[in-house]
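One chain comes next, on its own, written as structure tokens: the form predicted alone.
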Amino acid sequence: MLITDPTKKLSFNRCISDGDLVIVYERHDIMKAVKVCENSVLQNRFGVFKHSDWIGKPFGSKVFSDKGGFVYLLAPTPELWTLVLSHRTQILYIADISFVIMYLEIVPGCLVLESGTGSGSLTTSLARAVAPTGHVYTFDFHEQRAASAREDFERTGISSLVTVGVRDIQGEGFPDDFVGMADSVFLDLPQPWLAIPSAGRMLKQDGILCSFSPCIEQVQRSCETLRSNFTDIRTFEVLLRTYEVREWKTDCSKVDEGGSVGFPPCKRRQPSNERSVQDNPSSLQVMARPSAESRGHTGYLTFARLKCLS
């Protein structure tokens, strides 16, 4: 969770207070962000939950409804916020975000420029990476989208680390106020090659730029532009494959003569005693298989380092 004070130093408040944002966790694919209000209630399939029962409890607590159902109250970390935020645009997910922060060499104290802001998924993680003394300046050409992102950053407690601007970076470039000051620049634009010359002017010597593009044609044109002032140009595609690990109870008496039980091979748990499978007609087995909901291609990440003048 990111709760910041006016001096831009992170402070960690581990107990829930009236007005806090919490992530209500029902299961791994059902979560929602809820603002705590003492007189409010949350209703879901598990029953009615009073917010007043949440106040004073530490984040991570298990709370019960009037029907005995329960949920967990989690802190709004950047990882969880990415999973529950409103999708005003296509967002970056955890695999791409972690890769971006690593390759942009972002550490506390960095000044980072971003365009466009979109739903603010990446911005939230960038803010935590530069905290407590760094800052993220993010720009979006869409005024309403920028205003919504600004409200979200207030809710998640990172507004002192992020400044949201309304600007057409493709057409106007970044503000001259940042010339030679940025440690890193991130571009998520339809035509990033139009903003690359301006981004190069903003970067410090040896600074790094990253451009996210869903299509390889965008990557090719961006790389052509990057070659004039950048070096170490590399493009990556991050593919994440998740697995489900479950226990299955099988009837070993149905094993045919060839030894098949009618499902894919799996690793058998070692029984607590020395009896053979034939002596144990039902057995717990562990099966691992790819998740049916695995996310495939999201986009291409192109990184480049500004050439040194000397």
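One rule holds for the numbers: they count along the sequence shown, beginning at 1. For clarity, every value in this text was computed on a predicted model and none was experimentally measured.
Here the subject shifts to the form predicted together with a small molecule, a form of this protein not shown in this document.
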Query - Contact test in the predicted bound form: P78 vs the small molecule, heavy atoms, 4.5 Å - result: no
Report task. Would you please decide whether P108 lies within 4.5 angstroms of the small molecule in the predicted bound form, comparing each non-hydrogen atom pair? Result -> no
Query raised in the report: Quick one: does G207 come within 4.5 Å of the small molecule in the predicted bound form, counting heavy atoms only?
Result: no
Query raised in the report: Can you check whether R221 is within 4.5 Å of the small molecule in the predicted bound form, heavy atom basis?
Result: no
Query raised in the report: Candidate spot I91, S121 and D140, all three in 4.5 Å heavy atom range of the small molecule in the predicted bound form?
Result: yes
Report summary line: Heavy atom within 4.5 Å of the small molecule in the predicted bound form, from candidates R201, R155, R234, R167, belongs to R167
**Report entry** Contacting member of S115, S211, S125, S184, with respect to the small molecule in the predicted bound form [4.5 Å, heavy atom]
**Finding:** S115
Query - Which of 223-231, 167-175, 70-78, 98-106 lines the interface with the small molecule in the predicted bound form (heavy atom within 4.5 Å) - result: 167-175
